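Quick setup: one chain, the form predicted alone, written in structure tokens, and binding and motion questions come after.
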């Protein structure tokens, strides 16, 4: 009986040692497999510093976009538009000169001269949210990221840069009646493209003399 008890005790001790060693090994492995957290702000800053200006320089003239959309909407949106997901919405970088007709707390009412008519538009100056800037720039693709949190983080970092660095000095200086040369992101719905009431999300702004 004593011998049987000793065998059982030895077996129990060996089992506990093996169990603990396996547990420690697994925890160590998991720790090494945890990746560093993606820094969306740093990534967006690098994009802005190294690649954004080239995109702004190549933005399509708003008048050109309007003409080409009216001539062949599908071809024009395929040519100039970007979107990370499927659906009707396309995002485009446009350049234009607009005239400020009214200054509000969170936006400017502006007019854009197109041929022999004026288009009423809105220049956002406060609520810079969503994915328009990220998608219109064409600098980010879904295949480069494993989850939507990273993609949304890039959008927010870009929007935050506009709110904090692009808009404050502009809002202090702008006056009614002035002309503004801008590059902006716009959202177009393929199912219902309209130009009046177009919202311009500013990326680059210059008040003209």
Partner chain sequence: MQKRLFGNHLIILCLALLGFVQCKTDRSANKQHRIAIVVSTLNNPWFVFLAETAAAKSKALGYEAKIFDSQNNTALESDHFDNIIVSGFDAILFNSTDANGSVANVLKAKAANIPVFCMDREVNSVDAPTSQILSDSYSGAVAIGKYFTQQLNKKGKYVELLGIVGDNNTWARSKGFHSVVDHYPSLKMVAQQSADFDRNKALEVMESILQAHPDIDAVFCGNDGMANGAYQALVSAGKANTVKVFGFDGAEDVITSIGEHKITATGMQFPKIMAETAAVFADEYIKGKRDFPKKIPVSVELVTAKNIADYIAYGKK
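Just so it is clear, the structure is predicted and the values come from calculations on it, not from any experiment. Numbering follows the first chain given and starts at 1.
Heads up, the form predicted in complex with its partner chain isn't pictured, but that's what we're talking about next.
Participant: Quick check on residue 120: any heavy atom within 4.5 Å of its partner chain in the model of the complex?
Facilitator: Answer no; every heavy atom of residue 120 is more than 4.5 Å from its partner chain in the model of the complex.
Participant: Even though its partner chain is not shown here, does residue 113 get within 4.5 Å of it in the model of the complex, heavy atoms only?
Facilitator: So residue 113 does not count as contacting its partner chain.
Participant: So in the model of the complex, does any heavy atom of residue 88 sit within 4.5 Å of its partner chain?
Facilitator: Yes, residue 88 lies within 4.5 Å of its partner chain in the model of the complex.
Participant: Look up in the model of the complex whether residue 130 has a non-hydrogen atom within 4.5 angstroms of its partner chain, and give yes or no.
Facilitator: Contact with its partner chain, yes.
Participant: Go through 53, 146, 64, 175 and name the one with a heavy atom inside 4.5 Å of its partner chain in the model of the complex.
Facilitator: The residue from 53, 146, 64, 175 that makes the contact is 146.
Participant: Hey, of 177 to 185, 66 to 74, 155 to 163, 44 to 52, which bit sits against its partner chain in the model of the complex at 4.5 Å between non-hydrogen atoms?
Facilitator: After filtering at 4.5 Å, what remains is 155 to 163.
Participant: Using a 4.5 Å cut-off on heavy atoms, which residues of 173 to 209 contact its partner chain in the model of the complex?
Facilitator: 189, 191, 192, 194, 199 sit within 4.5 Å of the partner.
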